[in-house]
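Only one chain is included here, represented as structure tokens and corresponding to the form predicted alone.
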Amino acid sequence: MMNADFFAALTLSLGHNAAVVVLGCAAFGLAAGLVGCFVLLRGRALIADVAAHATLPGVAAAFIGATALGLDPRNLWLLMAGGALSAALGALAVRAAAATRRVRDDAAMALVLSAGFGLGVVLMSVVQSLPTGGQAGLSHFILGQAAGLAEVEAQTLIGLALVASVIAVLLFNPLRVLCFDEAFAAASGLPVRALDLSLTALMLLVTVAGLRAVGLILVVALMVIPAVTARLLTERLSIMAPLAAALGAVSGWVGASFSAAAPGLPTGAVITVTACALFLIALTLSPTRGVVAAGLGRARMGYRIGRDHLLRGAWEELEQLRLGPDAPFATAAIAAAWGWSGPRSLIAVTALRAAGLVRPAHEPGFLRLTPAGIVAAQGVVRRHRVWELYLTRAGGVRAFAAHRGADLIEHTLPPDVEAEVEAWLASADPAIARLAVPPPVEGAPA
């Protein structure tokens, strides 16, 4: 039954009210993901969390005030206005405390967050003692409950989310400049302070809009997690912003569908878990920053280092014994010099054989460089000696330390950097041509 209800809610066929609620949460997720990109890049995520927790005393105070004045204490606009006011005061309190330079930013945020939420809990206990407190449903502002949204509340959520999204799109270019380089934005004539206040207002608008559906504790999660997920997948804000909006919309859609199918589940928690699942997928499979890509990159680097070490060890052994480039060399001696274990040595030899750089010799435990391996070995040795000379001549590093330093950097720096180093050495020493690795002296092959 649960699966059927979830699929029905997901396809907007569970009922009109449920469809409106799901669309409202999806619209909120879209707005939160879009605005969250700027919040994240501007470093305002923790302030957004402070503002979200600071909405609780405003919501509770609005309910108490409306009851005292004989107004409808459950009017959503009234409650949201109270929450927006207290959230704005919380954000201003953080800035004021930090501006004194007597309190660190993180301490100021922790202070306002704990004080605001504590005051909200106290006022909530007052609400529960009122005659209308039992029917208030204010507890849903803490964890969210989309299934309990009335149609007019869901429509309000959609409207506020669309307003926030439109404003974010209109301010996209100025906010992009502000987030990446505030000094350049000011030099370009952009109203930096007004833009910063606009971003704060957008953040508060999204926070207050999602209170009823997602809850104040987790509303910030839908601003941060989709933005972080999108950041894992791209480095361009023009792609990151719509991608974060899409991820937020999907999280809201799926989470609200779960909540509609199982009304006992808090919507904010379900939406957050959905967003976290998407984040874990991106963290694992991102082509540039994912765990799999990082593992493959480390494996490629390990292969390259092992290959270079084996080729350089072979060349230097042949050079020391004054043997020809096609003479056999002992792999055990090279493995011992690098401190390789048996399995690691076997992996390096197998990889080089698969790449066609070495071939077996007639003697057990010996290999020979192929023509391609000779060229590769010459390049590896030349690169190492170039870096050794650069470190000793430009950096004043002693020979042994230069040998070790060259071994650490020669595998990672790009070819253009190596070319610049060689050009510097050539300008410093006209005899730089001697850096070219000569072939080993022809000797008696084994």
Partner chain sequence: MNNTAALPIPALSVRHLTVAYREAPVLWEVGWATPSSGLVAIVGPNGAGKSTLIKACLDLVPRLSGEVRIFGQPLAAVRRRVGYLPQRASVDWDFPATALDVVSMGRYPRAGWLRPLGRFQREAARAALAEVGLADFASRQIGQLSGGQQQRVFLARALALEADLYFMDEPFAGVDAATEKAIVTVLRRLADQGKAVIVVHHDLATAPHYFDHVLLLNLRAIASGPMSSAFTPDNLARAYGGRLSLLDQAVAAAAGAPGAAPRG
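Numbering follows the first chain given and starts at 1. None of these values were measured; they are calculated from a predicted model.
Not on display, but discussed next: the form predicted in complex with its partner chain.
S.K.: Which of these residues, R304, R176, R74, R359, gets a heavy atom within 4.5 Å of its partner chain in the predicted bound form?
M.R.: Of the candidates R304, R176, R74, R359, R176 is the one lying within 4.5 Å of its partner chain in the predicted bound form.
S.K.: Could you spot which one of L199, M240, I334, I158 gets a heavy atom to within 4.5 Å of its partner chain in the predicted bound form?
M.R.: Of the candidates L199, M240, I334, I158, M240 is the one lying within 4.5 Å of its partner chain in the predicted bound form.
S.K.: Against its partner chain in the predicted bound form, would G339 count as a contact residue? Criterion: heavy atoms within 4.5 Å.
M.R.: No, G339 stays farther than 4.5 Å from its partner chain in the predicted bound form.
S.K.: Looking in the predicted bound form, any heavy atom of R95 within 4.5 Å of its partner chain?
M.R.: Although its partner chain is absent here, R95 would stay clear of it in the predicted bound form, with no heavy atoms inside 4.5 Å.
S.K.: Residue-level contact is defined here as any heavy atom of the residue lying within 4.5 Å of its partner chain in the predicted bound form; does A61 satisfy this criterion?
M.R.: Judged by the heavy-atom cut-off of 4.5 Å, A61 is well away from its partner chain in the predicted bound form.
S.K.: Does R353 reach its partner chain in the predicted bound form, with heavy atoms at most 4.5 Å apart?
M.R.: Flag for R353 set to no.
S.K.: Have a look at 205-213, 79-87, 138-146, 187-195 and name the one stretch with heavy atoms inside 4.5 Å of its partner chain in the predicted bound form.
M.R.: Only one stretch passes the 4.5 Å heavy-atom test: 187-195.
S.K.: What residues, if any, in 38-53 have a non-hydrogen atom within 4.5 angstroms of its partner chain in the predicted bound form?
M.R.: The stretch 38-53, when checked against its partner chain in the predicted bound form, contributes only L41 at the 4.5 Å heavy-atom cut-off.
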